[in-house]
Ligand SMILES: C/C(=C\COP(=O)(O)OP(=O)(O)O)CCC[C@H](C)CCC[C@H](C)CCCC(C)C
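A single chain, nothing else alongside it, follows as C-alpha cells in the form predicted alone.
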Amino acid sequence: MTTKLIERSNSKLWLAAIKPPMYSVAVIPISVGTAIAFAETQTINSSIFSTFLMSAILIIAWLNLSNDVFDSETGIDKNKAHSLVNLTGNKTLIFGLANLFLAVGVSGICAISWWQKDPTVILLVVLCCALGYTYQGPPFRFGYQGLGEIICFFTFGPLAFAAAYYSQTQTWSATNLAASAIVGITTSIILFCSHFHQVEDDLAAGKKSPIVRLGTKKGAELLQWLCGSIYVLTVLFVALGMFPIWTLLIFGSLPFAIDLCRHVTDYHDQPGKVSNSKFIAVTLHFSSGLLLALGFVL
C-alpha cells in the first residue's frame, strides 16, 4: 500500500513537472491566428498549420525545461518538488533536452519559411524565442524584475499571432492584432496567477514579481480588471466591426473568469489554497481562445 502511494505521488510530481495544460499557450495563438486567416481568405494550408503547431509545442517544451534549469541556478526552486531538475538531479540532461526541443521546433519554422521563400515567419519566431529567453535566462532574468507578464503578453500575443497569420497569408491584419491583445492578456493572467502562492520563495530569491510588488490583496483586485478586459475588448471590437458577432461566444468562458476571480479573492493570502489558481487561469485561457477561434470560422 505504501509503495502504491509513493508511486502515485511520484507520478503526480512528474505530471506537474511536465505541465501538460501549459501547452495550451502554444496551441491557442496558432489556432486563433490561423482561424482569422481562414475567415479573411477562406483558405487554409493544413501542412503549414500542423507544422507550426508542432513546432510551437516543442518551443514551449524548451521554454519550460530551460526555465527549470535557470531557476535551479538562483535557488528559487529549492522547495519546488515538481521541478524537473530536482526530480532528475541532472541539470545537464534537462538543459540538453530543452535545447534539442528548441532545435527541432525552430527547424519546423525554418521549413515553413523555406516553403514560402520568405524569412518573415522565422524572424518573428526567433524574436519570440529571444524574448522568452530573457524571462529567466542569464544575464537578463527580466522575470525577476517583475517584467514577465509584459514579455508574456507580447510573445504569446502580437508576435505569435503575427507569425501564425503571416504563415498562412504572407501579409498582416488589424483584426489579427486586435485578437492578439485578448489572448496576450489571458496568457499573462496564467503567469500572474502563478505568483500568488510563492511570495515567500520569490522574496528569498530576490524575485520582484508583480504580486511581491503589489501584495496579494491588490493583486487579486487587479486580476478582476484583467479578466474583465478580455470581454470588454471583444465587445468593443465587435462594435467597431473588426470582429464578427459570433466572437461573442467568448462569453461562454465567463464562468471560468468568475471562478478564478472569486477563488483568488478568497484565498490570495493562503498559498496552499490559492496555488491551483493558475490551472483555473489555464482553463480560462484555453476556453476563451477556443471560443474566439470558433467565432471567426462560423
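The first residue of the sequence shown is number 1, and the count goes up from there. Predicted, not measured: the structure shown is a model, and the values here were computed from it.
The form predicted together with the named molecule is left out here; the points below concern that form.
With the site C-alphas superimposed, the ligand pose in the model of the complex sets the named molecule onto this chain such that no atom is closer than 2.4 Å to backbone or C-beta atoms; an open site results. Segments offered: 93-101, 170-178, 121-129, 222-230. Contacting the named molecule in the model of the complex at heavy atom distances within 4.5 Å is 121-129.
Against the named molecule in the model of the complex, the set F52, Q136 and C152 is in full contact: each member has a heavy atom within 4.5 Å. The partner is absent here; in the model of the complex, the one residue of V85, A162, L191, I182 having a heavy atom within 4.5 Å of the named molecule is L191. The closest non-hydrogen atom of G105 lies beyond 4.5 Å of the named molecule in the model of the complex. With a 4.5 Å cutoff on heavy atoms, W62 counts as touching the named molecule in the model of the complex. Although the partner is absent here, L58 sits far enough away that none of its heavy atoms falls within 4.5 Å of the named molecule in the model of the complex. In the model of the complex, at least one heavy atom of N67 sits within 4.5 Å of the named molecule.
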